[in-house]
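Considered here are two forms of the same protein chain, supplied as structure tokens in two stand-alone entries, structure 1 and structure 2.
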Structure 1
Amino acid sequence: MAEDRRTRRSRRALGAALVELVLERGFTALTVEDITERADVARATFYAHFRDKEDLFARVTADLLAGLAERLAPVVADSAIGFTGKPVLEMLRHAREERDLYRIVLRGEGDGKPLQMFVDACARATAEEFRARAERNAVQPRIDPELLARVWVGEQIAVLRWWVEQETLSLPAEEVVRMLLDLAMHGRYWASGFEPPA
């Protein structure tokens, strides 16, 4: 008796409706009634499941993050040595599947709070990864790992957003990962075509 089918149906429909509508009109423009109408659910039912539309959005985002974490877990363990790019690749694949949701989250809909959840989760994981890796390999970071994680995540998010916003996902995920790896290795100076000055 894990969960009543009616409950599942309602929640799913409301979540899907939210995503559709945010994509069409933006989060703030939406009414609870808009959402319930699209989901074909009574307004009273909405309030039986969620406090308000922010709550719904937060849960949808949390589910997305949970799904991402689940997919990342096995991959992260493997890439403990260096920047293999495997976790990033897995995230890009996830983003391709859940493209609409990624879009609205990365656009900062909902006062940027879902995005913050996303960024903070990534930053925390990355910082921890950096710390552990430095210790394991006994190297001294040249830049505060906390800040470095923020930078790394900021970069990933920027690329991710650019990627999911393209009408056709013409550039394959593998290409994107390669570019990010090149950047991490050689720096932006190299990427822009210059040889680093002596």
Structure 2
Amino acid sequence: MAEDRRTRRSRRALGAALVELVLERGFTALTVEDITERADVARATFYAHFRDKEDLFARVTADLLAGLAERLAPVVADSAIGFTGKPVLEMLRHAREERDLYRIVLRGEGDGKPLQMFVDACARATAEEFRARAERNAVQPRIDPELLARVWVGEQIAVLRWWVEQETLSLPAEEVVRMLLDLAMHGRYWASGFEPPA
């Protein structure tokens, strides 16, 4: 039990050090020694858990995704049809709490691998949910669920990155969600101020 607690504490310290240092210097400039010094953890402890700094970044990203999935599960299951805005709101709340980590992932630090990991996981989960909704509601999607998921996730990621990079969040999460929901329900043409052609 003490070993597990110590392991978790070391991993948390290493993850926090990684995030702080990436924000200060960028991922490429970091060494394992920089990370272990900041975390106050021995290099041997680092290598007992991770192969290299890329492995640490991948683990931190996987943990971020697991935390996000845990938070999204109840709100996704809350609606048979979807389009409630609740999952996006929960993602924005999670991003607000884990802002620095979201910032380095969404910036593409680490040769873009954590960002790709994040996008792929979100797109996979979204496509599964789109397929399940179509089946539950006995509807045939007009656009392939994989493509639809990639478009939806791409828009969310772009908005999420813009939102977390602001020094002061100019729009509350609820307002961002309302606008994204309007966009999802009415489309880009309507959102640009035009009336649909008759």
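Each form is matched to the other, and the largest set of C-alpha atoms that superpose within 1.5 Å is called the rigid core. Here, a residue number simply tells you its place in the sequence of structure 1, counted from 1. No experiment lies behind these values; they were computed from the predicted model shown.
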Checklist line | Pair member which, unlike the other, is the form predicted in complex with the DNA | finding: 1
Note to self: I want to check His186: does it shift between structures 1 and 2 by 2 Å or more at the Cα, with the core superposed?
What the structure shows: no
Checklist line | Rigid-core-superposed Cα shift at Ser10 between structures 1 and 2, Å | finding: 2.8
